[in-house]
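This document opens with one chain alone, in structure tokens, the form predicted on its own.
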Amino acid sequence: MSAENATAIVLRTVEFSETSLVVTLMTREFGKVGALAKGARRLKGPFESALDLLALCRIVFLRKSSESLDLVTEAKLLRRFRVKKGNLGGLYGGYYVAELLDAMTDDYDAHPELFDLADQTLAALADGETASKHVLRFELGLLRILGLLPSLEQCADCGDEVPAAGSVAFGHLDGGVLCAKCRVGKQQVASVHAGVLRTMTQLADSDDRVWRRLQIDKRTRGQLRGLMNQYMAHVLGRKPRLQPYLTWLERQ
């Protein structure tokens, strides 16, 4: 076993015994890690509450060569995830970020850009910034980084340019927009305003300056939330558990 150092976000904790936890961590250096933290539930244990849900921490862990859990030996808290009283949008948004990271990444498949995006999103949600915009940004950034971003300009079927005007067909099963010719006979196709697609393109951009300047009106935000709910359910193969709570984001 070798000792590894990493920066981690706590995605999930499960009680293992009276004193220990099984934790799922998203690390910047190694990707997702499942580990046992012995003594983590003790009030005066070696982890000092650093392994709270969605906390950002520095950890030392022993990487097992077999399929058994790794072992966290040290954890130092860098930032706790705490939202202001009444900020349910930020709270549910944070839980949703954790759910997507856990469900859509593989063990030991590192994505430093995705880790940084999650860290920035959680910090913004805790600070009370507009939850709906930041969650949409996270979803689309995650899809881009993982190579799952839908086609937003070219037909997902034939590759032809789709005119960005009026209503555009978006095929969930096809992975993006469809031209009029390829739209015929397709299932699970939504009609989306071209402005929604332009907003998606800007939110998915890797350049922070592009999406931070973006102003999203209530109508566009509502259409985009509905589209993303359907598309994320298709990508995951199920409806995300936190999806029903995302309506809180639209109340901000």
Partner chain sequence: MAEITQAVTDLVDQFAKLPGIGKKSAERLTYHILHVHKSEALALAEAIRNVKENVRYCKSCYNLAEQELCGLCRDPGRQQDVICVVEQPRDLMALEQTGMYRGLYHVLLGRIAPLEGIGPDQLTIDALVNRVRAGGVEEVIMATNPTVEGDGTALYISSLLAETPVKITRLARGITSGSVLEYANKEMLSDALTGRQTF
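Fair warning: this is a prediction, and the values are worked out from it, not measured in the lab. Positions refer to the first chain, counted from 1.
What follows is about the form predicted together with the partner chain, which we do not show.
Heavy atoms of residue 99 reach within 4.5 Å of the partner chain in the predicted complex, making it an interface residue. Using a 4.5 angstroms threshold between heavy atoms, residue 144 stays clear of the partner chain in the predicted complex. In the predicted complex, the partner chain sits beyond 4.5 Å of every heavy atom of residue 121. Contact annotation for residue 86: at least one heavy atom lies within 4.5 Å of the partner chain in the predicted complex.
A single residue from the set 71, 78, 110, 104 has any heavy atom within 4.5 angstroms of the partner chain in the predicted complex; that residue is 78. The stretch among 222-230, 50-58, 30-38, 192-200 whose residues place heavy atoms within 4.5 Å of the partner chain in the predicted complex is 50-58. Residues from 213-244 that approach the partner chain in the predicted complex with a non-hydrogen atom closer than or equal to 4.5 Å are 241, 242, in the order they occur in the chain.
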